[in-house]
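There is one chain below, alone, in structure tokens, taken in the form predicted alone.
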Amino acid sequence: MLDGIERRFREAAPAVDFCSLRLVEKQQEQLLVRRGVLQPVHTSEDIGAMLTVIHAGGLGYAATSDLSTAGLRLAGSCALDWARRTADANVPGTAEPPQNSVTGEYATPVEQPWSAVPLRTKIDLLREQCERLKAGACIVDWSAALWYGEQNTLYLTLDGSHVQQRVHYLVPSLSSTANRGSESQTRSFGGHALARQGGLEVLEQTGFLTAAPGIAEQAMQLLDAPNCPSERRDLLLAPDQMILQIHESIGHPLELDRILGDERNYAGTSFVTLDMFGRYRYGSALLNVTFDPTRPGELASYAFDDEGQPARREYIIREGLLLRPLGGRSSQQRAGLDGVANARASSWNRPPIDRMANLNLEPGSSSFAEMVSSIECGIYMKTNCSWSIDDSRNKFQFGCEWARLIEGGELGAVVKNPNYRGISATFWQSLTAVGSESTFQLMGTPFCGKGEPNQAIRVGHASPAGVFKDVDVFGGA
């Protein structure tokens, strides 16, 4: 059905000011071994296309899984009908066609293809990791999983755009839960956030093959650990918690459509306003955040967004100063601000909206040892396990799986149920140290949700460790 899709699109497209086709083909396979038992293998395939029409000041789109000429013609007709209906009702800037056509391609570099290794071999690998997670009698639940996905997209326009992109990604997971009486503690593999583009080489890159014993040991260790103290301390966050902090208190507040009010009735608005860009100090001078879909291997890398805009690395925050929002072409036109190429859709039957892609905290100059030694009274937290943030993406409260106290510049006792709270508008201004490349990790999440109807999408985050001054930390139940 893909053969001749460009010809069929041109035959079916209505005569309008602008028309595009975005074809999406997905394949996924998920393997899970829990408590040594293989769970049902889940595989899925999905394919379809969305046609977008801009005509006479109106915007419309329609999606179809019928990729025949007749199916595309019907979708084009529906999109044109919506464009006519909205011609007098569009928000200014949303119905402006792109200025230029684009051509190009992108493909994830893959060293060891998923399909090159037999299913039985991959299941045996998970069984082996499961055995290593069951490291003691108090381990009551343990699991190992692999989630592989491949997504192929084709973007075409009547004025000559032609973009092909092929993405391969792998999400490896490990989890071990220890119990004694009424007390249960869980440790996981980076909070299931050690996800990257690539093939089975991702397992070695992320440390999946050697992580299980340490995860199980720390789960058992937490059973005997005292509760996290409730007081103000300096806070050292590991990369697998920093990525959640970046995601919730920088990424979501800076989405331009959210700032413009598009998410107000669903996922909330933002404390950030349009007049802050170019003048607002978001954090200390150590805060440097980039939007970088060009970074090899990161979970949301691409060469063009889903509206055909070329992707490039941009500073969002530089030396603490807020520079630009996470807004795609139409949001930029509405707001009159420069943004980034981040109009993205979760599938063929969803329209592109402003989304995070690879949003990264750039490394600093401090080693891990230097950061620890600089803290007189603090706490080191790893691996997110809970999050809560208000509807303006400002006041937050986050919990972690594991922590150690820092006393007199040295790591001390392990504590359980660690939490901390703060306010986005001031929290990043307390950033006093940023880890060097030696602490930097490439991570991501496949589950970022936004939009109505909801779109769950892959987001990449890369970060070093970081130190924050005088933070409210507390223990949990």
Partner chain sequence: MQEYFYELAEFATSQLRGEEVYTCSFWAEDSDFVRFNGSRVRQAGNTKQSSITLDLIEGRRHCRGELTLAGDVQVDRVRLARMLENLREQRAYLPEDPFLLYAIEIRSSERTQPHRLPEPDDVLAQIMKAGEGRDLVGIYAAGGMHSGFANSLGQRNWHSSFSYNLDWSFYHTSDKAVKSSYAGFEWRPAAFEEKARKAKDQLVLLTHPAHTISTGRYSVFLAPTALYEIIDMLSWGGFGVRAHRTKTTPLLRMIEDGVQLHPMVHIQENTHDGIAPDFQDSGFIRPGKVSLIHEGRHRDYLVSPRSAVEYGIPTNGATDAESPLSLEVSPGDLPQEEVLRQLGTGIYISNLWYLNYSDRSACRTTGMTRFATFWVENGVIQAPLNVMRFDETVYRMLGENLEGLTRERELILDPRSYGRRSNHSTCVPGALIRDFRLTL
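Treat the numbers as computed from the prediction; the structure is a model and nothing was measured. Positions refer to the first chain, counted from 1.
What comes next is about the form predicted together with its partner chain, which does not appear here.
*Asks:* In the predicted bound form, which of 213-221, 313-321, 140-148, 274-282 comes within 4.5 Å of its partner chain (heavy atoms)?
*Replies:* Heavy atoms within 4.5 Å of its partner chain in the predicted bound form occur in 140-148.
*Asks:* Since the partner isn't included here, can you check whether its partner chain sits close to all of Leu38, Trp348 and Asp391 in the predicted bound form (heavy atom within 4.5 Å for each)?
*Replies:* The answer is yes; Leu38, Trp348 and Asp391 each reach its partner chain.
*Asks:* Just one of Ala63, Leu442, Val415, Ile54 has a heavy atom within 4.5 angstroms of its partner chain in the predicted bound form, so which one?
*Replies:* Looking at Ala63, Leu442, Val415, Ile54 one by one, just Ala63 meets the 4.5 Å heavy-atom criterion.
*Asks:* Could you check which residue among Leu158, Leu337, Ala225, Cys78 gets a heavy atom within 4.5 Å of its partner chain in the predicted bound form?
*Replies:* Of Leu158, Leu337, Ala225, Cys78, the residue with a heavy atom within 4.5 Å of its partner chain in the predicted bound form is Cys78.
*Asks:* Quick one: is Leu405 in contact with its partner chain in the predicted bound form, heavy atoms, 4.5 Å cut-off?
*Replies:* No, Leu405 is distant from the partner.
*Asks:* Considering non-hydrogen atoms and a 4.5 Å limit, does its partner chain approach Phe368 in the predicted bound form?
*Replies:* Result no; Phe368 lies far from its partner chain in the predicted bound form.
*Asks:* Give a yes or no for Ile47: in the predicted bound form, does one of its heavy atoms lie within 4.5 Å of a heavy atom belonging to its partner chain?
*Replies:* Contact with its partner chain, yes.
*Asks:* May I ask you to state whether Glu128 is within 4.5 Å of its partner chain in the predicted bound form, using heavy atom distances?
*Replies:* Contact check for Glu128: no, nothing within 4.5 Å of its partner chain in the predicted bound form.
*Asks:* Using a 4.5 Å cut-off on any heavy atom, which residues of 251-268 would contact its partner chain in the predicted bound form?
*Replies:* Heavy-atom contacts within 4.5 Å come from Leu260, Gly261, Asp262, Glu263, Arg264, Asn265, Tyr266, Ala267, Gly268.
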